[in-house]
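Shown next as structure tokens: one chain only, the form predicted on its own.
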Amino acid sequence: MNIWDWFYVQEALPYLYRGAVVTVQATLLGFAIALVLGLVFAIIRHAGGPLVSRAMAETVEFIRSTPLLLQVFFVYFVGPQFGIVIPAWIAGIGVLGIHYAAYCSEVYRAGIEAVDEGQWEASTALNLSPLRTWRVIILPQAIPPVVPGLGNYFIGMFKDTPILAAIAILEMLQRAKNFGAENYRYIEAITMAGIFYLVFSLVASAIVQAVGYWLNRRYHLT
């Protein structure tokens, strides 16, 4: 038997395409949640009172300290026992987003704490509202430097999407495995899936670098 057969590559491509669409959708939607929710976590932790800040810190640490797969299982399989029934797609995307929001919040927090204290004092002296201070003064300085860190989690989320197969979401790797099981040929499908993951990661890395460069130029931080 040939080690590599291009016939099976052609046969596997439609499987991989359908799985790739699911993988990309899950990554983009999940990371959109992570970006927004992570920023909310970071702002609450910084701007909240001692009790609120402490509670948020413990929540973030709890999410970061438990496995993503366990969280997916808990929401999808344990939730119905308490009357909480969530469709697999929503549960998977939601858990991905919340899990990575905890990590993104730490990246945001590092950027916020790196802003010079004088910026906060100047905002107070100018009698700017808290909302305007965050929107105009703090975040434009805090976010651009941490874009590479956020980008790392974006790529990491993409590589974690195979976990969604545990709740019957057929992303790319699971479809490659199914193709191999049906045709008794794993090498072509699995190899092509690996190549796709590599290409996507390289493209995503280039995009992240471009966004970081653009933000730094826009806010004159370079």
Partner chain sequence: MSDAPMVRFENVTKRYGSLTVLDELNLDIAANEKVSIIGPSGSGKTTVLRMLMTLERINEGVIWVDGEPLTHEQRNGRMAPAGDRHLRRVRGKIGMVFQHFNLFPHMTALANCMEAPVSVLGLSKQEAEARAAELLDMVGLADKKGHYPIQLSGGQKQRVAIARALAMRPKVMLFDEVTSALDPELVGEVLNVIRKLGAEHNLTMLMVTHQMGFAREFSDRVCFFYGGRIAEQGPPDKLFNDPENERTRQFLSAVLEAG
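Positions refer to the first chain, counted from 1. Because the structure is predicted, anything quoted here is derived from the model rather than measured.
Beyond the structure shown, there is the form predicted together with the partner chain, which is absent from this document and is the topic of what follows.
Contact check for Trp4: every heavy atom lies farther than 4.5 Å from the partner chain in the predicted bound form. With a 4.5 Å cutoff on heavy atoms, Asn152 does not count as touching the partner chain in the predicted bound form; it lies far away. Remark: Ile137 counts among the residues lining the partner chain in the predicted bound form, judged by a heavy atom distance of 4.5 Å or less. In the predicted bound form, at least one heavy atom of Gln141 sits within 4.5 Å of a heavy atom of the partner chain. Though the partner chain is absent from this view, in the predicted bound form it lies within 4.5 Å of a heavy atom of just one residue from Ala88, Ala110, Leu126, Ile84, which is Leu126. Here the marked residues Gln119, Arg132 and Tyr219 all reach the partner chain in the predicted bound form, each with a heavy atom within 4.5 angstroms.
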